[in-house]
Each structure stands twice: as C-alpha cells, then as structure tokens.
Ligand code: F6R
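What follows is one chain in structure tokens, specifically the form predicted on its own.
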Amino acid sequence: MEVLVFENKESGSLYAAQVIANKVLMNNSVNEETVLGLATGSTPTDMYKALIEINKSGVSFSRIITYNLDEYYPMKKSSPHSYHYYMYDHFFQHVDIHEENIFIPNGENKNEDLSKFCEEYELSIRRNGGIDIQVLGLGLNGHIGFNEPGFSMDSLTQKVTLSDTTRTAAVKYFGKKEEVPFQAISMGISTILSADHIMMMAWGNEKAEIVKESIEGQLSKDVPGTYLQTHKNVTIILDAESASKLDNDRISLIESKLS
C-alpha cells in the first residue's frame, strides 16, 4: 500500500482528482476509454468538485466510462436519497460525460430481476476492459462499497443486507433511521479488487481507528478494508486526523509525503 497523508481533506481530494485526470489525459491521447469505479457519500464530494474544475479547464471526460459501487434497495432514481441522484447532482450533470457511459446499480429493479441485473453489471465491467481506477471510502465498520463485515473476498455484485452501524451512519442523510433502507446492491469485494488501481480515501478522527485496523491489522473478513492489503496497487489518501492512530513506523513513513 502507498499511504499518503495530507493536511486536510481538500488537499487529499485534489490529489485524488489529479490522479484520475492524469489517467484520463493519458488515455485520451491514444483514443482509449478510461473506466472508473466511483463512490458516493461525504468522502468523495471534494474530489468531484475538483474533477468538475479540471473538466472546465479543458480535460475532456467524454471517453470516461463509470461504474458506481452501490445503491440502496429498493430506491427510486428520482429520490434525493438515491446514489443515482447523488452522482448527477455532485458530478455527472456538470461534466461532458456521455449518458450511455454511466452505470449505476438500479434500485428500482424487481427483486426477482436482481440476480440477472447483478450478473449483467459484472459482464458490462468486463466487456469494457475492467476498471482502471476504483475510488473507495471506508465505512466505520470497515465496509468497502456496501460489503459489510463477514463478506468473503470472492463476492461479486449482489443484493446485500446493511448492518446496523451502516444504517445508523446514514441517518444524517435520511433524517430518521426508519427511513434508511435495510438492503442495497453492491459491487462485490472480488469486483473491487479486480481494478488496476484502487484509491481509498478517509477523513476525520472518527475514521482513525478503522483506518488503522484496515492498514495495519490482520487480514480478516470482520474488517473488509483489510482485503485491500492483498492488492498490488492501492493508494490510501488520508488527512492528518484519519491517520492519527497509525503506528510510529507507519507515521514516520508517511510524514515525508505530507502535501
């Protein structure tokens, strides 16, 4: 793992956006698509703001193909709580990406159609050559995507049951816990780990303990974030607060990379 610590989430988010922009520029120069796996929630919002400005500065996103990590289920696309709504509000409607290149799990599917949808999602990713850069946040219980503690490394896109910790964390978006769905559709851990490059971001003191467990802990299905240790190309992007509980050896390694 490459662990980078920044002064604050704004500078860390700008770095993440620049990594994506550099990949897009390189692929654009040879007329190739860039396939991105995208996350939602509070963690990547500043990254999306930075990407919008990069697009306005002249970097075309017309050859980007995107696959979102997850969506609540059931969930109407038009709901302000949906990740479909989030992505258009925070990113897609502000840049020159093509509608046909946007893929988000469909929370409007009938339950009996979900298995086929999930299989098609996996096939679509493979048809487009796999994900170049996968953006991740990290849940308070170590979940990546909506892959909660207990999920195996070989899991694929599927319907999942959300933990109480995850549902409680979502109350700030829904207002009341009873409004938070009990289920979601999520890329699997195997799907995430198949990406060429993974960028995981985490901000704030509340993430410090789970960041430490994910980076320094033993590989464990109880903390899905530890599965990232098995990937050959992972960049962990932190602010000083989220990195505050890393051990001295780790801190001495990353202090030289402060931006």
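Residue numbers here begin at 1 and follow the sequence given. It should be emphasised that the depicted structure is a prediction, and the values quoted were computed from it without experimental measurement.
As for the form predicted in complex with the named molecule, it is not shown, yet the points below apply to it.
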> Taking the partner as it appears in the predicted complex, which of 100-108, 119-127, 143-151, 174-182 has residues with heavy atoms within 4.5 Å of the named molecule?
Replying inline: 143-151
>> Is G217 part of the interface with the named molecule in the predicted complex - any heavy atom within 4.5 Å?
In response: no
> At the 4.5 Å heavy atom threshold, is Y83 in contact with the named molecule in the predicted complex?
Replying inline: yes
> Could you tell me if G137 has a non-hydrogen atom within 4.5 Å of the named molecule in the predicted complex?
Replying inline: yes
>> Does any part of A39 reach within 4.5 Å of the named molecule in the predicted complex? Heavy atoms only, please.
In response: yes
>> Just to confirm, with a 4.5 Å cut-off on non-hydrogen atoms, which of L69, I64, L51, V211 contacts the named molecule in the predicted complex?
In response: L69
> Heavy atom within 4.5 Å of the named molecule in the predicted complex: which residues of 194-215 qualify?
Replying inline: K207
